[in-house]
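Below are two forms of the same protein chain, given as structure tokens: structure 1, then structure 2.
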Structure 1
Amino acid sequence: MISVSNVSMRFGGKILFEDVSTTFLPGRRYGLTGPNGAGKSTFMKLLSGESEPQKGNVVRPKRLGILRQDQFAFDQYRVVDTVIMGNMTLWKALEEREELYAKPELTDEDGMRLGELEGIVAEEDGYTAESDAAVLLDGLDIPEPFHHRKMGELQGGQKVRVLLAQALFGRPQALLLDEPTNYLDLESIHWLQNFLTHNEGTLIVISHDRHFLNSVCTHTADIDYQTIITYPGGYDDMVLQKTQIRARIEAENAQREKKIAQLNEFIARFAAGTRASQVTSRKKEVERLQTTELARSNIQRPFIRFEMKRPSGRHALEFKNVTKGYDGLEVIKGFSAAVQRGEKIALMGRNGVGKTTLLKALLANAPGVDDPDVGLDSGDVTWGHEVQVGYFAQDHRGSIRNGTTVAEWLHEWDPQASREEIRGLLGQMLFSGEEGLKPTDALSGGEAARLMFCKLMLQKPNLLVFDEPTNHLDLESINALNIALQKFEGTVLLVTHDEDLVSEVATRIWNFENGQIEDFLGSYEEYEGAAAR
């Protein structure tokens, strides 16, 4: 159990939350929600003990599993040892035991201490620690050959998965996970969902993956209105309840204001007359009926709408025997397909199987794409009549030129656009007022992503290519993107591990597995049904 009493946090004049008291109970799985900047990560740091509240106190269990954010902290350790460090009591006992066994001779005192340490190791399941760690690593797509390598030899995404395994190791009494699905493919996300739903302790998780929150969480703790309100159910349940409560209060206020207006009219008409007692009675009634003051929500919802200057021809894209590799490894081997106008294709598969590689191969001679990082080794790619491509690269931050402002950079992509049009687009994506003058060098990951959406809305291409567009977005922005792609009348190629985005947008699946690409004509739900048969 984790208990929070009268906790407050503010930065400068901005109040994140004030006088919050709540309890997170064992056996319950809580999603911690709220828009970017609401204070989710700050609150998680208070729960973990990494930060102290400016007011109030936090009571936490002895054994916490925490998803560490520092990818480089364990570079000198083996992968399997890094995971075992999730149980520091066990790890310290193992280290001390190894030091004692390394001595040329043991004293009687050493022998007694070894007996104590063996008891701790047994109590903490230390004799199966490496095999338990291996199970976690395998489930998170870190194969056995990597288990005994140094952490410093792994790529960033692999390190994050090892740190997630570390948080899950040793049956912690409470788990605190900040964005645990980052760098996970769908298969690993499904594994993690299953693992967490069988977790008996307290779970508190921050995630921008709506499907993950709905699948895992029994409760949702929402940071809004400068407080934290807990709702039963997953993310969608919380949104529905929150909306209903707000609507009910607004309706009650409207009724009260109508009644108050009628009473004030009576008071104004007869205040100086002979009906003084009735006037007094109505004044008291006005005081009793004063409306509930509604705090302002800190949720901001962007508005995304992708339009086309003109549609493409019926055949948007055709390619034959496309081959592409890197570092001497052939990843895409002779793949051929034809894409019709209006199709929305999701590229699926585990990390590293070639989804981004295929996109970059197809974009080699794409109209409207100027990216030195695209190209193919062999094969033919033919783009259809009037096709114009809009590309959202996984590493899109590098395509935003530094040394200028947000508005100036956006204007470069259509010098004919009016300042009002530029301001309107930026406003839709939450760059309001003076934020259009923000230097591009200072953009956060989420701001850079939203600026790229502005560019695509300004250019109005008829074929959109997205490579992991949700990585830095909050739930409101992802939902806006989901709706925009559903309504878009053009063609879409989409790489994402967001299951709701795949299931609600895709009309066709390219699934990468065992060096092959399966081309399935149908929705994700139909694909899942066919795979289960």
Structure 2
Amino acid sequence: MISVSNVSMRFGGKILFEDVSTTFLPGRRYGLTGPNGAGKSTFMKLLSGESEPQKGNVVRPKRLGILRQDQFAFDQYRVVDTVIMGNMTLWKALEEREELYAKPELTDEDGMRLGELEGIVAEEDGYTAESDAAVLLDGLDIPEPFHHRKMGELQGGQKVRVLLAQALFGRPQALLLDEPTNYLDLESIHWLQNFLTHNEGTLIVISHDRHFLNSVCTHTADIDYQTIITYPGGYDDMVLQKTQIRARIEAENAQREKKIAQLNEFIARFAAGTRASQVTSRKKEVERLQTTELARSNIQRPFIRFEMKRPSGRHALEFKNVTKGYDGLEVIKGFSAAVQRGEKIALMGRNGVGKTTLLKALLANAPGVDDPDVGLDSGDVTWGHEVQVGYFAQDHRGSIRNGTTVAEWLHEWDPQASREEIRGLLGQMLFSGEEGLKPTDALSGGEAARLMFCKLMLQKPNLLVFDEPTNHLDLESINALNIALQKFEGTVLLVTHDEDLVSEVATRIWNFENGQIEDFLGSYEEYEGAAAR
């Protein structure tokens, strides 16, 4: 069980939640919900002990399994090591032991320390750590050859599986997962749903995916109105109860206000007259009825619009025989196509088939892109006349420099832009007023994505390359992005697992399957129809 008492958090003028007391019981599966920036990750860090609440305290079990929102954090480590890091006490002991053994000569002190470390390693099941990790990885569908590779070489969906193995390592009593479905394809999400519903112990999971939450959760803890309220049921049940309760409170408030107005009218009319005692009693009643001001909901809708500085030529992009692979593994095997201005192409296919790889190959020498990861092994790529590319990478968080503010970072991309223009763009993307002065280090997952969209709205490129842009985004932002992509007059290359987005935006489909890329000139609906025949 995890129990939270009188916990409060605020940053500057923004209150995330105040005086929250609640418990999370074993055997239950809690969804933790709220829009981008509501404080979900912050709350989870309080639960895990990674940070301390400004007020109140948290009691937690000894063994916790944690999946953090930043899934690129372990890129430089080997896969098995990443899993073993799920037990930090053990991992630190193993590392220190290795350092000591690497010394040419051991002092007495070193010898003593080694004895202590061996004790810790034994107590934490360190002698079977590698094989325990391998069993978990196999169970999560990460085959043996990958176990000794670096995390950075794995594709997004595989990383999530490794990080889940990390969370499960050391048999935790409670599992805390921050957006585990990001980067997963639909089949992997179904697999995860099934996996989690068989989990014993306490589960707390953050997600913006309604279907996922409905299928996994027995309870929903929602962050809104500056507090956290737990409702029974999944996401949809929560929304229903939340709106009903809210409507009731608002109706009661309205009634009270009406009554107060009537009493005040009486007081005003007879204040100077003979009915002094009645006036006094009515004044008392007004005081008693005083309505409490309701905290506003934190749900807001951003406004996204991608305009172009100028259109590109008619032929936006042409490439022939593009090949790209890693370490002898050929992922893209000679793909050719021509893309016309205004086409919106969805790249579809399961995790690991090479969608990101193809984008990175095509982006080599692209005007407006200076990502170090891009490049191709062979083939020709020709960008059209006046093409300007706006690239939203899968791992875009790293491209937002730490140590500056939201507004300053944005302004650097176009120093000519006026302060008003910057402020306007930021406001559109829900960074109004003080929010624009926020340090970039503090950005939540969804806020970082919103800031990337600000940059693209400022630069006004005419060809957008988006690699899974909806990860981290809340429902309101996904809707806004969907509409913006539909209205965009330029060219789009889009990787996403969001079927609504594909069917409403795409005019052409590149489907990756069995090492081939199928090029279909038509919408997703037409594509499905053709596939069914």
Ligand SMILES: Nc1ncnc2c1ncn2[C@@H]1O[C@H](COP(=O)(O)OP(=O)(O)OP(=O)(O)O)[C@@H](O)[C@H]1O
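Quick caveat, the model's predicted, so the values are computed rather than measured. Sequence positions of structure 1, starting at 1, serve as the residue numbers. So that the term is clear: the rigid core is the largest set of C-alpha atoms that superpose within 1.5 Å between two forms.
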property	result
Answer for which single form is the form predicted in complex with the ligand	2
Rigid core fit then S523 CA moved by 2 Å or more between structure 1 and structure 2	no
Post core alignment: E144 C-alpha displaced by 2 Å or more between structure 1 and structure 2	yes
A133: Cα shift of 2 Å or greater between structure 1 and structure 2 (core-aligned)	yes
Inter-form CA displacement between structure 1 and structure 2 at G157 - rigid core frame, Å	3.5
